[in-house]
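The form predicted on its own is given below as one chain in structure tokens.
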Amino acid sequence: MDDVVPLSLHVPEPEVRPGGTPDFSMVAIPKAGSVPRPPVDVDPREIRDLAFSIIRVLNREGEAVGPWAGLLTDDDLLEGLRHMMTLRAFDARMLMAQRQGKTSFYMQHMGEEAVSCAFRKALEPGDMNFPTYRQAGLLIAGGYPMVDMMNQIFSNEADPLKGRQLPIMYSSKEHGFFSISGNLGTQFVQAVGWAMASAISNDTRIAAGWIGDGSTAESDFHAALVFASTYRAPVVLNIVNNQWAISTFQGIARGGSGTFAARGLGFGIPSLRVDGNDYLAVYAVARWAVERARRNLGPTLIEYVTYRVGAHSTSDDPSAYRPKDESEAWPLGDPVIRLKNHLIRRGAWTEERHRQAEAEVMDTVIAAQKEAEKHGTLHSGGKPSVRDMFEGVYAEMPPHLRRQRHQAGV
């Protein structure tokens, strides 16, 4: 028994700690345009390798290359650029508003704008997203009023959700944006259930579920994949791998599978990885998966490889768990700059026009903020009515709630 080796527990460690030199050498990045585009009705067993690669369209020179390119016009791309710029300006103003005490909480999207803005362009009216708190681009790209978003953030008298949700947890049935849950794993299984109901009803609408890399460790993630694969639900299942689950690096939740997309292979689900900072690639993969769902070919799992540039939220200090300059070393760049450079290369845009657009976008966001603040902010102005607490739950208010409302004098 002397030669028995004691057991030891393996705990994954990030490549570098605060104060160290950022290292993304473990992120294998294939050449843009090198990953094939399979037919939409492909047998998932034939494309298992796509779960371990990264689909890219934009190369280092700003050119769109390969089989996934050529799906968007210059006008489409200019609109997409403006959506991302608007989301970034919106973030900047709301982050400042939180620091000024106008709202209690905010979460920004810096570096991840292409994921939600490009995906939204692949959907049709009536499709339903089950998002996390970092997909506000679905609303902005879908035409949802920024004033309404700000009213919700400020929890003022015009808050469309009547103060019932944490700031940034929006909801709009008309814009295909299901109520956000802070417990992110719930959204995945709900998206599958909604998609199954759409299929049972012989409808034409599909669903899209969203989850972060960290929350894939939740049991709801796996339950969603079981039901989606078994019933071939018309759903696109999106994993946003931004490298950090609050302060926990993505290697903890990823486990030994190598990639998050690889999780889908055991369920027989087509699983792809895409450059989440490449607007054209995100749209192309989203369109492929959406078409697959709409043609009754079942679910698709997509991993967006991106990077969370800012803090997890206004309650977080990322310098406590990663190098301060790590975002600058991220090898897939900035989604706004990459799309801008592509449009300039095509002759559809200029640096001067971009600077003008930045100013125009910021003016629009500031105007929306001024309008929202007329209805109040966290500590000043109008608030939702106490009466709202009793409304919107039952079709017919039960006697005990009528009594409570009467006792409250509302």
Partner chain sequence: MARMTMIEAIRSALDISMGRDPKVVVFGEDVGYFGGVFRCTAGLQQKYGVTRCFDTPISELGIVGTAIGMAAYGLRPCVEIQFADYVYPAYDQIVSEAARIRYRSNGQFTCPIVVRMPTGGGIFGGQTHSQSPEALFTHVCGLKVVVPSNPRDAKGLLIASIEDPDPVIFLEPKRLYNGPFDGHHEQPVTPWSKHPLGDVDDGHFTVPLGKAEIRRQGSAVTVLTYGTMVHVAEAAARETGIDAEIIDLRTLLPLDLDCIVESVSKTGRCVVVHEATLTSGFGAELAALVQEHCFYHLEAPIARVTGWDTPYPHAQEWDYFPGPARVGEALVRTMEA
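Just so we're clear, the structure is a prediction, and the values are computed from it rather than from any experiment. Numbering follows the first chain given and starts at 1. Just so we're on the same page, rigid core means the largest C-alpha set that superposes within 1.5 Å between forms.
Although not depicted, the form predicted together with its partner chain is the subject of the following passage.
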Check your understanding: Is its partner chain close enough to A197, D203 and V393 in the predicted complex that each of the three has a heavy atom within 4.5 Å of it?
Key -> yes
None of Q190, S257, T314, Q250 but one has a heavy atom within 4.5 Å of its partner chain in the predicted complex; the exception is Q190
Among M128, M85, A136, L272, just one has a heavy atom within 4.5 Å of its partner chain in the predicted complex, namely M128
In contact with its partner chain in the predicted complex (heavy atoms, 4.5 Å), from 158-166, 294-302, 98-106, 326-334, is stretch 158-166
Q.
So in the predicted complex, is its partner chain close enough to I246 to count as touching (4.5 Å, heavy atoms)?
A. no
* Asked: Using heavy atoms and a 4.5 Å limit, would one call W288 a contact residue for its partner chain in the predicted complex?
  -> no
At the 4.5 Å heavy atom threshold, is D220 in contact with its partner chain in the predicted complex?
yes
Hey, in the predicted complex, is Y321 touching its partner chain, heavy atoms inside 4.5 Å? no
Looking in the predicted complex, the residues of 246-267 with a heavy atom no more than 4.5 Å from its partner chain, listed in order, are none
| query | Taking the rigid core as reference, does the Cα of P398 move 2 Å or more between this form and the one not shown? | reply | yes
